[in-house]
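The chain below stands alone and is given as structure tokens, in the form predicted on its own.
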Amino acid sequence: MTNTPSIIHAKWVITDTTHILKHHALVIQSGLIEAILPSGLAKERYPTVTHTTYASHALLPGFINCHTHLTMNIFRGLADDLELMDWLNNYIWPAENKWLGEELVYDASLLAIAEAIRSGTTCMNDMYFFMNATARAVTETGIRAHIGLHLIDVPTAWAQTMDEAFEKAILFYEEYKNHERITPTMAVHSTYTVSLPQLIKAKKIADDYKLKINIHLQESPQEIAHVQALHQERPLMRLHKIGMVNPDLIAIHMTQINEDDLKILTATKPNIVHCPESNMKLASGIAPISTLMQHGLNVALGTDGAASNNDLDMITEMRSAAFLSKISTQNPQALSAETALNMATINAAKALGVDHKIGSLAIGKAADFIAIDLERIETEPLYHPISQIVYAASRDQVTDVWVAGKQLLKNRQLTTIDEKALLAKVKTWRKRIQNTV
């Protein structure tokens, strides 16, 4: 990093949902936010430094996609309009069994990262196979990621046995535990694909290495029925009995919650990740987000994989979360624009245990931020910037993106990814996959 600071001015600087500063500047040095100053003062204090001004933009924290499967971008549109188990068993898992490998994961991760950056996402919480290939794509492109040590109790191209999966997971952790932008996590697929002894082993490893645990949990009525038929108890209770339900757990989906579940969640305080568009598309259910928040749970936002969404657009995800909560509760105040933005920023950072580094714009935090042009036909007239971002803006209005002070998107152009070469690779993959399904 250069010792010369970068000074970025904007019409609005949204440091968090309670502070909207007009005509301010971020002072960025060595990848961190050194100061947040009124524009006039910044120009006085740094007279010899180059200043960049975004006269019609808002600067705000980069979005944190708290649940995704980056590689599944390559299967976008392969199978649509299906229920979860039909989609998984008859289309997605067979495609993965046929094509899964280092090359596909790397190329598909690049595609997903490119889409994420162009959508204003600066950090992603991923869980998939061949983590090293995803990590290579993350390292090369400059984005930030939490990458899960993926566990599923069936043979895959990545690991034929659970013992092999655990061994590879630990090797991945050892390689990336000190990486500046990659954080390993534990990623257990579900209680219906991982046995109780293996769940206990996963928890022990997570405890030993101080890892967050991600798991798809109570995503659909079919999952609940399947697990109850096999084990005579609900998935959440299975995890609760082994002590896995705690603030280090990231419970993804949670559309199926009864009173007993709510008592466990209230007492144990795991993090919840809401994936409204994927849940709607697969007809899985509606997570009771406002109820969970009223009971003191931290709720973040994720897109899920692009094969079931079908995009990585956090702006539309915020909008869907707000609208879905309003209509399902018949209460227009159930989930406000500010709450939706918190779910996509600081709440996600809290879920990942990195809210001291990212999730808001503050002195000493990483310079992970984005610029959104709000002086467009689609977002004028503008009365309230946050409402306009959540309810009216599109990802095409994200013009610039920085991670750790490095600009990854400049005037809608990717700076670390060759877009033309990437698209050529993706078209080749489409032809290969399409010819065999």
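Keep in mind that this is a model prediction, so the values were computed, not measured. Quick note: we count residues from 1 along the sequence shown, nothing fancier.
A second form of this protein, the form predicted in complex with another copy of the chain, is not displayed here; the remarks below concern that form.
Peer 1: Of these, 35-43, 399-407, 383-391, 60-68, which stretch puts a heavy atom within 4.5 angstroms of another copy of the chain in the predicted complex?
Peer 2: That would be stretch 383-391.
Peer 1: Any chance 27, 185 and 363 all have a heavy atom within 4.5 Å of another copy of the chain in the predicted complex?
Peer 2: Negative, none of the three is within 4.5 Å.
Peer 1: Out of 132, 290, 336, 246, which one falls within 4.5 Å of another copy of the chain in the predicted complex, going by heavy atoms?
Peer 2: Among 132, 290, 336, 246, a heavy atom within 4.5 Å of another copy of the chain in the predicted complex occurs only for 336.
Peer 1: Can you pick out, from 140, 311, 355, 175, the residue that has a heavy atom within 4.5 Å of another copy of the chain in the predicted complex?
Peer 2: That would be 311.
Peer 1: Is residue 235 close enough to touch another copy of the chain in the predicted complex, meaning at least one heavy atom pair within 4.5 Å?
Peer 2: Because no heavy atom of residue 235 falls inside 4.5 Å of another copy of the chain in the predicted complex, the answer is no.
Peer 1: Just checking whether residue 82 would be counted as a contact of another copy of the chain in the predicted complex - the rule being heavy atoms within 4.5 angstroms.
Peer 2: Yes, contact at 4.5 Å.
Peer 1: Indicate whether residue 281 is a 4.5 Å heavy atom neighbour of another copy of the chain in the predicted complex.
Peer 2: Residue-level check for residue 281: yes, a contact with another copy of the chain.
Peer 1: Hey, in the predicted complex, is residue 96 touching another copy of the chain, heavy atoms inside 4.5 Å?
Peer 2: Flag for residue 96 set to no.
Peer 1: Enumerate the residues of 355-383 that have a non-hydrogen atom within 4.5 Å of another copy of the chain in the predicted complex, in sequence order, or give none.
Peer 2: Read in sequence order, the residues that approach another copy of the chain (within 4.5 Å, in the predicted complex) are 375, 376, 377, 378, 379, 380, 381, 382, 383.
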